[in-house]
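Below, in structure tokens: the form predicted alone, a single chain.
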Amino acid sequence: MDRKLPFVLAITGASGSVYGLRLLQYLLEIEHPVELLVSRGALQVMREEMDLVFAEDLQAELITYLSLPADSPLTLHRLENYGASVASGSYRTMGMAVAPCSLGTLGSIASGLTESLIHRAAAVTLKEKRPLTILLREMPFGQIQIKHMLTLSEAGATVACASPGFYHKPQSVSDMIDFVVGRVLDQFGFDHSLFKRWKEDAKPIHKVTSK
């Protein structure tokens, strides 16, 4: 009963892969188990936006890049593996975040498609009525995308936009990233201090910037 239920995290091919990486980093820093799904598009975005090029062992290389212990509770899944734990509703998790979520992934999940393990895991999360947060990084939104967002919201998902606040007076890009990541964590009930909350005096912690 004391076992922490794993957090399912999908990083897809939208701009803003740093949000997913920072979320992964934070969860593993607090030793929370993570079931990770990374699309090919996400790897391409990481290469374009962050000059990150990974070779064969993505899991080990991510752990090294994020300056985490080698024994961090991370499980990386192949997207074609429909026999993975997260493909089944009987495998208990605390929920799932897609951060960032590409518009293609948004449409696939909203349409009930299961063309990859990311889509399947999201469908499982919804049908089991577990928290699902979709983090979009796009502007403007077209009518089709807005309809997809409404569909997912009506199905029980939380649709969020990667829009940092400024009332906490961010001093760096890292501060703005932590604000967005912190708001995603809020949807799952994590007690954190990644940013100074409105009318609170708490100071940010875990200030690890991307290399």
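Note that this is a predicted model, so its numbers are computed, not measured. When you see a residue number, it is the position in the sequence shown, counting from 1.
Not on display, but discussed next: the form predicted together with a small molecule.
Within this chain, A10 is remote from the site of the small molecule in the predicted complex, having no heavy atom within 4.5 Å. The closest heavy atom approach of T105 to the small molecule in the predicted complex falls within 4.5 Å. None of the heavy atoms of A157 is located within 4.5 Å of the small molecule in the predicted complex. When the small molecule is considered in the predicted complex, E48 lines it closely, a heavy atom lying within 4.5 Å. Scanning P164, G41, P33, P170 against the small molecule in the predicted complex with a 4.5 Å heavy atom cut-off leaves one residue, G41. In summary, the region of this chain contacting the small molecule in the predicted complex, judged by heavy atoms within 4.5 Å and restricted to 70 to 78, 83 to 91, 96 to 104, 125 to 133, corresponds to 96 to 104.
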